[in-house]
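First, one chain by itself in structure tokens, the form predicted on its own.
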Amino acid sequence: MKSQAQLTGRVIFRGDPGYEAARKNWDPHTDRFPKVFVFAQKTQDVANAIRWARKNHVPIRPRSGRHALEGNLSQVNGGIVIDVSDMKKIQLNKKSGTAVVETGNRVGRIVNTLARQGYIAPFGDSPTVGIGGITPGGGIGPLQRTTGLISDNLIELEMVDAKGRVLRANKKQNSDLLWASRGGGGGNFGIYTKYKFKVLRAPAKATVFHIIWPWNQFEKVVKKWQVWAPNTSTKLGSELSVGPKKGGNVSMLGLYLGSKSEAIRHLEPILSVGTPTQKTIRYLPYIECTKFLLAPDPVLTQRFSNQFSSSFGRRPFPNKAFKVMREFLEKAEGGTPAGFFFLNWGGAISRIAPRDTAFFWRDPKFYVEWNSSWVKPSHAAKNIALVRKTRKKLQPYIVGSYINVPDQGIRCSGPVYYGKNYARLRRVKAKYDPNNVFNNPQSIPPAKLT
């Protein structure tokens, strides 16, 4: 086949050695059987793969860190997966306070590389998530109240479009594409190959904390957290997790960019709730803080399949919402990573107007996600239904959803993910990908141009 010869990079067809390893995503229920994987070594390989796919009428899926949380996003049966994970250059420019990273880097690698040189790279709750995917969707995490979202720090990008052309976007050129790439989600406009971020100096030391309470105190703790966490110092990021009733607990992990004594003073309101069974508060060199918060998360040994859903809270949950939470946690399978996860909002995030970037949800008080987990494929349907029913019941108390933690049970999802930015995103889509070459079950459809 002549057209096969046009694929460059590390190419693995179905039936080739290495195909099974290439197919394994972080979440087993997202694995599919693509026709071919192209592990790009450089931008030109991405361009060649897009051209080949279009010539051969093969659906395209971009992939960076293999952390897609729903089916048919980073793999599709019979399609081509254009995987950038071999593209890992990182260049820090201390003079301009910027870093250029290729999109195959995992978040943990960027955080480590920059921390060793005295700089902060924002991160979420896993080191193995790809920077390629987390960035265009927003990029949330414990540093966001100081640094803003990962996407808020994006100042330039390189992207290959549907024709295989390499485009640059910054404030001066293709500025609408930069706008859309700061919160408009991956896999919509093209395949990103490079990002340029502004970076902040890291403190020499910071304070990390990890507090655990018994499961039966979750209502007390969450109630207090929802009032305290959004209003505490913007130098304090806090992740609160509540596991299943069977074998789970309540756990708060986070950091404060300051001294231990100040951290304790800010934490006091939440520490005085219930009876914590573990309190770890440590003042550490910044690089040790990042290791404390980014516990190893091997990509390919994940046993559990998951169904996630995500949203935002504009005010603390009323008792009716806690009833829904409790029902969910009582039904979730014990001994799994299922549960509720909260992250405090505000600070640098809320200083950017909802229309200034594609990421619309600037004014909530906290982020919330919940997931059900299972090992046996026969348990999938009931767990997926549990998450989606919980979303319906929580609907009066939540707003929006986060595109990086998608839920394909959401109908007419565009305005739910993108709020009032959806119409503009559709116009940008129509300009850069009018034929909807880059699509997935919840991608942005191009606006009909009249």
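These numbers were taken from a predicted model, which means no experiment stands behind them. For every residue, the number given is its place in the sequence shown, counted from 1.
The protein also exists as the form predicted in complex with a small molecule; that form is not presented, and the subsequent description refers to it.
- Put simply, A206 is far from the small molecule in the model of the complex: not one heavy atom of it is within 4.5 Å.
- None of the heavy atoms of A121 is located within 4.5 Å of the small molecule in the model of the complex.
- Contact check for G184: every heavy atom lies farther than 4.5 Å from the small molecule in the model of the complex.
- Interface residue remark: Q217 is not counted as part of the site for the small molecule in the model of the complex, having no heavy atom within 4.5 Å.
- Contact annotation: the small molecule lies within 4.5 Å of heavy atoms from the stretch 133-141 in the model of the complex, the single such stretch among 373-381, 274-282, 133-141, 321-329.
- Of the residues given (L425, A68, A53, V38), A68 alone sits with a heavy atom within 4.5 Å of the small molecule in the model of the complex.
- Listed residues A202, I80, V111, V129 were compared with the small molecule in the model of the complex; V129 is the one with a heavy atom within 4.5 Å.
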